[in-house]
Structures are given as structure tokens and as C-alpha cells.
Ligand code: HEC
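Quick setup: one chain, the form predicted on its own, written in C-alpha cells, and binding and motion questions come after.
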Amino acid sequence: MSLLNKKLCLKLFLGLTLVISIGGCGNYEEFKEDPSTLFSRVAPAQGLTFSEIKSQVLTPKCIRCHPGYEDYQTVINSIDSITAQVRSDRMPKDGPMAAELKGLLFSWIAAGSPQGDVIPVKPSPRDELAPNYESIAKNILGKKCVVCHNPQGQVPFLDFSTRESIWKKRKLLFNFDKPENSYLIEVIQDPVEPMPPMNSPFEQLNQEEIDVLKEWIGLGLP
């Protein structure tokens, strides 16, 4: 092969390499493909349960900013978002998740996201929605609010992660004499920009949840 032909071949090879690299970077940033395509390269892990995933992955890497991920159903409802964020290294915020932890998480998802061995039990009164902080924190705030309203979240100045932090903002958030006029209730029921935001992965509060919140406010936040 002549020297000229060798130079032409080298230029062609370098050009193709550049195109492939640019194309690959674009897909990485935008994450347009179905997250399920990740699992074709992951072997489902038999026996891997939610408690193990929470212990090894969610608790050290996610729950400090997403306390709702303590709950299995909340994780399942957000599984596509979790997959996309972890795969693209946008989450965790403090840096990309280690490859072995990614593999563990994606293996669990590929296996069908099993919760584990669950013995059905009748819910106790403590698990039912009631006008007290413990119930509201578990059933409403922890599932639909605290993911953003926490000291490290998107709205740190309105921290809903503890009763003390909520109490500090009582003059802004609550009208104890007329709970239906509370700023918190007005924001939740805003017809244009309700909370949680309509484009978030969280469902809007239903009427029962709003009524219990009003009752809780009227009782003075017990």
C-alpha cells in the first residue's frame, strides 16, 4: 500500500472514531432509551430482596435526600426515574454510584424488584391515616413532600423532615383558627401549580388526606 493510501485510511479511521464517540456521548447525556434495555446485560439475582437493596444501596446513597425510599411501594412507583438517574450518574448528588452498587440495584430490578417474604397482617390503627404528626409524617409528608422539603433538598427553607422544623414555620404555613385558609392547604389545592407539582412522580393529595391535614391543623399539630 502506498504512503498516500495509508494516510487516507488513517484519516478515515480517525473520522469514524470521532463520530462514534460523539454519538455515544449524546445518548449518555440525554438517556432517551427505555431503561429496561439496561437489564439485557444484567443477570437477575435470585433471593435479592428490598431490605438488602435498602441496606446496601438506598440507605447509604439515596435516603438522606429521598426519605420516601424507606418505603417499598414508593420505590416501585419511582423505579423508572431511579433507573434513569442512577444510570446517567445524575444521582447520587455527591457523585456516581460505584459499579458494584449499580449492578446490585439493576440486578434486583431485573429480577422483578422483589420485596421479599411478606406476611400479610391487618393494619394497626397506627398505620391508618389520622390527625397526628406520626401518621401524617408517614402517610403524607414522607411519601409526597420530604423528598424536596428537607435540608439537602430543593426547598430547604421549608423543611418538613421533622416536627420541630415544621413548628418553626407554623406562622407561615398554618391558620389554626381556620385550617382551610392555611397557606399549606392553599398551595396543595392550587388549581394551576399544586403541590406536589403535577410533573413530579408523586400523586396529588386526595380529599381524605386534605381533610385529615385540616383536622391536624385545627388541633394544633399534635
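Heads up: residue numbers just count along the shown sequence, starting at 1. Under this definition, the rigid core comprises the largest set of C-alpha atoms superposing within 1.5 Å between the forms. All values derive from a computational prediction rather than experimental measurement.
The form predicted in complex with the named molecule exists for this protein as well; it is not shown, and the discussion that follows is about that form.
Visitor: Report yes if any heavy atom of Glu134 sits within 4.5 Å of a heavy atom of the named molecule in the predicted bound form; otherwise report no.
Guide: Flag for Glu134 set to no.
Visitor: Quick one: does Leu205 come within 4.5 Å of the named molecule in the predicted bound form, counting heavy atoms only?
Guide: Contact with the named molecule, yes.
Visitor: Is Leu48 one of the residues lying within 4.5 Å of the named molecule in the predicted bound form, judged by heavy atom distances?
Guide: Output for Leu48 is no: heavy atoms all beyond 4.5 Å of the named molecule.
Visitor: Answer yes if any heavy atom of Ser113 is within 4.5 Å of a heavy atom of the named molecule in the predicted bound form; otherwise answer no.
Guide: Heavy-atom contact with the named molecule at 4.5 Å: absent for Ser113.
Visitor: Any chance all of Ile76, Glu100 and Trp108 sit within 4.5 Å of the named molecule in the predicted bound form, going by non-hydrogen atoms?
Guide: No, none of the three is in contact.
Visitor: State the residue from Arg64, Arg170, Lys178, Arg163 whose non-hydrogen atoms include one within 4.5 Å of the named molecule in the predicted bound form.
Guide: Residue within 4.5 Å of the partner: Arg64.
Visitor: Going through 76-99, which residues have a heavy atom within 4.5 Å of the named molecule in the predicted bound form? Please give them in sequence order.
Guide: In sequence order, Ser81, Ile82, Gln85, Val86, Met91, Pro92, Lys93, Asp94, Met97 come within 4.5 Å of the partner.
Visitor: Honestly, after the rigid core fit, is Ile109 moving at least 2 Å at Cα between the shown form and the other one?
Guide: Yes, because once the rigid core is superposed, the C-alpha of Ile109 moves 2 Å or more between the shown form and the other one.
Visitor: Superpose on the rigid core, then tell me if the C-alpha of Val57 is displaced by 2 angstroms or more between the shown form and the other one.
Guide: Yes: Val57 shifts by at least 2 Å between the shown form and the other one.
Visitor: Once the two forms are fit on the core, has Phe174 moved its CA by at least 2 Å between the shown form and the other one?
Guide: No, the C-alpha position differs by under 2 Å between the shown form and the other one.
Visitor: Just say closer or farther for the C-alpha distance from Pro201 to Arg90 in the predicted bound form, relative to the shown form; it changes by 3 Å or more.
Guide: Residues converge in the predicted bound form, at least 3 Å closer.
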